[in-house]
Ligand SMILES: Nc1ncnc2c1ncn2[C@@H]1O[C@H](COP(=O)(O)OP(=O)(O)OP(=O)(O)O)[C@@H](O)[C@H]1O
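What follows is one chain in structure tokens, specifically the form predicted on its own.
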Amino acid sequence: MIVVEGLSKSFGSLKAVDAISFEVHTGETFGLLGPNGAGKSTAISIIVGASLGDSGRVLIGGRDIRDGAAVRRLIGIAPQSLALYEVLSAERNLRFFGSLYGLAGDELASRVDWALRFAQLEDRRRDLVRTFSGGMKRRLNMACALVHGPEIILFDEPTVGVDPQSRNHIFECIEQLKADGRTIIYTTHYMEEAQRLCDRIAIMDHGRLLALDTLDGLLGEHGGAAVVTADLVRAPADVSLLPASLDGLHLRFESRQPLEDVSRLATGGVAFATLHVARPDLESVFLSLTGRSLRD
């Protein structure tokens, strides 16, 4: 559905996007994960045709994004910076954005009604956007991206600054879009969002694509070992059975196969009073690839 080949973009000496390539399959939710300033929003801007790359190309359904409006009509984008007119009502915002994609008459009215229901803003349809909470604005921003019924939707940090209820509603909306067969690109720097929503995840930093795989694939390749911590009932007679030295009755060790190692210890007579297995997660992968240094 989407093919990105050798995409690059510089701003002066800053290489915002550095020769990235990837494909997004039809019906897939594809995560683009990276810290602030990684180049995610620049890449999205080029992918949707809002700006031009210095080199490389983007194909949407086999057609170059630069081919014009017919290709861009396939796409809906909910940008990180809210694209709303605050002096207009929710309904008039939706009617305006729908008309940009050629909707009119009964079709436009029907799509606006659907979008308001989808965002759960039906009772606020005639209220000015400037009276909305941050979460309501985010939901309307999403609805404006969907009003023309696009096949491909790009969500750029869609939950920034929203309350937990609106955040969960956005998640449920994205999951419904996926169930309906839509193709989604989701950019975020929140690990739990990528883990919940995305079929595959690309990790991006300093304009480069560092890794791309399923969550399980990323964990296996870059996550490192699990950490097992336990308190023993008593020290075993043969401490050579243990994979690490005891600190009193406290045991801590790293393992690529923690359940198998714990089972082997128990079979050998080691009695556990407490046991905790901390498996690697997406945050472990992210920090391994992008570093742990603070960034301003």
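Being a predicted model, the structure only gives us computed values, none of them experimental. All residue numbers are counted from 1 along the displayed sequence.
We do not show the form predicted in complex with the ligand, though everything after this point is about it.
Comment: the ligand is not present in this chain, but in the predicted complex one of Ala278, Ala19, Leu14, Leu275 has a heavy atom within 4.5 Å of it, namely Leu14. In the predicted complex, the ligand sits beyond 4.5 Å of every heavy atom of Thr131. Although the partner is absent here, Asn168 is not a contact residue: none of its heavy atoms lies within 4.5 angstroms of the ligand in the predicted complex. In the predicted complex, the ligand sits beyond 4.5 Å of every heavy atom of Gly68. Taking the partner from elsewhere, Glu91 is found to have every heavy atom lying beyond 4.5 Å of the ligand in the predicted complex.
Heavy atoms within 4.5 Å of the ligand in the predicted complex belong, among the stretches 254 to 262, 32 to 40, 230 to 238, 56 to 64, to residues of 32 to 40. If you take 135 to 170 and check each residue for a heavy atom within 4.5 Å of the ligand in the predicted complex, you get just Glu157.
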